[in-house]
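Consider the single chain below, provided in structure tokens and representing the form predicted on its own.
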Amino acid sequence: MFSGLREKVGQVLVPGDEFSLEVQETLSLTEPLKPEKVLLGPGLKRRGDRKLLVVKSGVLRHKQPHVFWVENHQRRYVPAKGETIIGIITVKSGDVFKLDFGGSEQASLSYLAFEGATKRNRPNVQVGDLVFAQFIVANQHMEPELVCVDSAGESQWAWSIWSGGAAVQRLSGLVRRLLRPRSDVLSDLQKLFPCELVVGMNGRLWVKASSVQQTLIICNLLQSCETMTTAQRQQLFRRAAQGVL
């Protein structure tokens, strides 16, 4: 059913490409027919029941069993429900904070969307603070909305501003490589300088190492290796380990 789409995995697609999700012509008489569902990520859009349309140019990626998305480099982030981002508080207006997450508009974050927050116990968040949050509303017809807790009202991550460290922006091409289960970039980086790293799907990263110098070196390495090949990145990390940058 997904043979045509699987053949294009790893190849470059352009907007307007279409794929057909036809049902298999040969059916088994002994095994029951199980309906297969495909999950579409960024860059793909369903057209009808049997068509998939590419809406972004990039490389087609696949994850078992039937998850497909288009990986590309873009300067402006398009929010998606369920994705976690690093935002910057820009406005405190009554009971709502406004966050800049690198999109075409700002997102709203209620003060009750923090762990343990009540009307009397408000979070101590100021303009300019970094916040790690998740989208619960993200579509073209409504204002994006963020929360810092899960469905149980508990925070699974540090939500407020982090002491020290440095933020790196516009690394959308590097984010998904860092979030892979066995990321070679993250493994090489931890061998070079042990550090704390927070990754947002909007291309922003927060880094903190044992010293300010190491933090700045890691930021420069991440910015440099975004478009490098594996061999080029390993050579760059070896030079950094030898202190010849």
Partner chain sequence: MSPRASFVQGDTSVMAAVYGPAEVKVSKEIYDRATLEVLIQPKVGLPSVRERSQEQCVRETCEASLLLSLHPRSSLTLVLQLIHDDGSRLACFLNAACMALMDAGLPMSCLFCGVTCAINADSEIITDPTAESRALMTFAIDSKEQRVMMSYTKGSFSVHELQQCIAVSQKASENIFQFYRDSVRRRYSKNL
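Positions refer to the first chain, counted from 1. By rigid core we mean the largest C-alpha set that fits within 1.5 Å across both forms. On a predicted model such as this, the values are computed, not experimentally measured, just so you know.
Keep in mind that the form predicted together with its partner chain is not shown, yet the notes after this line are about it.
Of the stretches 210-218, 194-202, 181-189, 55-63, only 55-63 has residues with a heavy atom within 4.5 Å of its partner chain in the model of the complex.
Of the residues given (Ser93, Thr118, Asn124, Ser104), Ser104 alone sits with a heavy atom within 4.5 Å of its partner chain in the model of the complex.
When contacts are judged by a 4.5 Å heavy atom cut-off, Met142 counts as touching its partner chain in the model of the complex. The shortest heavy atom separation between Lys81 and its partner chain in the model of the complex exceeds 4.5 Å. By the criterion of a heavy atom within 4.5 Å, Arg47 is counted among the residues contacting its partner chain in the model of the complex. When its partner chain is considered in the model of the complex, Asp129 lies well away from it, no heavy atom lying within 4.5 Å. In sequence order, Glu71, Asn72, His73, Gln74, Arg75, Arg76, Val78 are the residues of 67-95 having a heavy atom within 4.5 Å of its partner chain in the model of the complex; the partner itself is omitted from this view. Relative to the superposed core, Leu205 undergoes a Cα shift smaller than 2 Å between this form and the one not shown. Comparing the forms between this form and the one not shown, the C-alpha position of Glu83 differs by less than 2 angstroms, with the core used for superposition.
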